[in-house]
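Quick heads-up: it's one chain on its own, the form predicted alone, in structure tokens.
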Amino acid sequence: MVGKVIIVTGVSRGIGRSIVETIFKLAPETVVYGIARSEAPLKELKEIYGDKFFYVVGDITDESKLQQLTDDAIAGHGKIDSVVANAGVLEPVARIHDADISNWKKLYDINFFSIVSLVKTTLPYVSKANGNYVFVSSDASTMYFSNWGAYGSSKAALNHLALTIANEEKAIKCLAVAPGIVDTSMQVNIRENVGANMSKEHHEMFKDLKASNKLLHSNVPATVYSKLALNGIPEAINGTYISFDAPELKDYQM
């Protein structure tokens, strides 16, 4: 018997891959459709999970790839219960004074507009299933991190998208959830590359988090995202932005 059918974006590494692994650990009967730009990690997941995992190789800014992902899920299993929008990028990291608007637009295409497109494409099916949209947001949506204007504002826009969807589409629920500071390749990039464009204080903060072993393992927030996709978003927090470790999500945490 097939369980929930869930779409997850950015599944090749980090939080996205952990979400896929956690979903199958919690509910082996689930079917996951994933998308990422790198095929090798997708093939690895396919080898592990077989006829429970299906994928599309492509950029999430390519609407044809999102349509293909949706069409594959409906053709293969007839429904979409939940969508977890995880894929995103941090750069450009620069002061507003030095902003390259074309790079801001590229970031927004990935972090925001691709999710609008994904929601529009999948909405008829998620609505029919009375399903859920779970967005991976960020503390940076409401806090200042040095020179993260593009990233932080895109995540703030994502929070408002969750609010909009929840109010406009009564058949579904939507939630934006910050994952905390997680030990992923994004953190490596901050410490080794883009941190040079940040204030010394904030750059040192991220380096100290790694040195003191305070970064979260990706399976910590992945558990929250997975349980929300599998079990549904509580009505009381529908349309809001919340942190993964909030008391309201205690039943969804590890």
Partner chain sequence: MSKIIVVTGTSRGIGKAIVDELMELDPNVVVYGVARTEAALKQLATEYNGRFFYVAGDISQKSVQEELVSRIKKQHGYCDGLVANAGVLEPVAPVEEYDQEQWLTHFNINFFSIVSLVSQLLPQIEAARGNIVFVSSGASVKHYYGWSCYGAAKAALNSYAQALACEKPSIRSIAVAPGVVDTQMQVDIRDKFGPRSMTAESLKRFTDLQEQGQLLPPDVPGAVYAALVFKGIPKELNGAYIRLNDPRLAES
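Positions refer to the first chain, counted from 1. Bear in mind the structure is a predicted one, so any value in this text is a computation, not a measurement.
This next part talks about the form predicted together with the partner chain, which is not shown.
- Contact with the partner chain in the predicted bound form, judged as any non-hydrogen atom within 4.5 angstroms, is confined among 160-168, 175-183, 80-88, 67-75 to 160-168.
- Although the partner is absent here, Asn147 is a contact residue: one of its heavy atoms lies within 4.5 angstroms of the partner chain in the predicted bound form.
- When the partner chain is considered in the predicted bound form, Tyr125 lies well away from it, no heavy atom lying within 4.5 Å.
- Taking the partner from elsewhere, Glu63 is found to have a heavy atom lying within 4.5 Å of the partner chain in the predicted bound form.
- Although the partner is absent here, Ala129 is not a contact residue: none of its heavy atoms lies within 4.5 angstroms of the partner chain in the predicted bound form.
- The putative spot formed by Arg37, Tyr49 and Phe53 is not touched by the partner chain in the predicted bound form; no residue has a non-hydrogen atom within 4.5 angstroms of it.
- Residues Tyr108, Asp109, Phe112, Phe113, Val116, Ser117, Val119, Lys120, Leu123 are the ones in 107-130 with at least one heavy atom within 4.5 Å of the partner chain in the predicted bound form, listed in sequence order.
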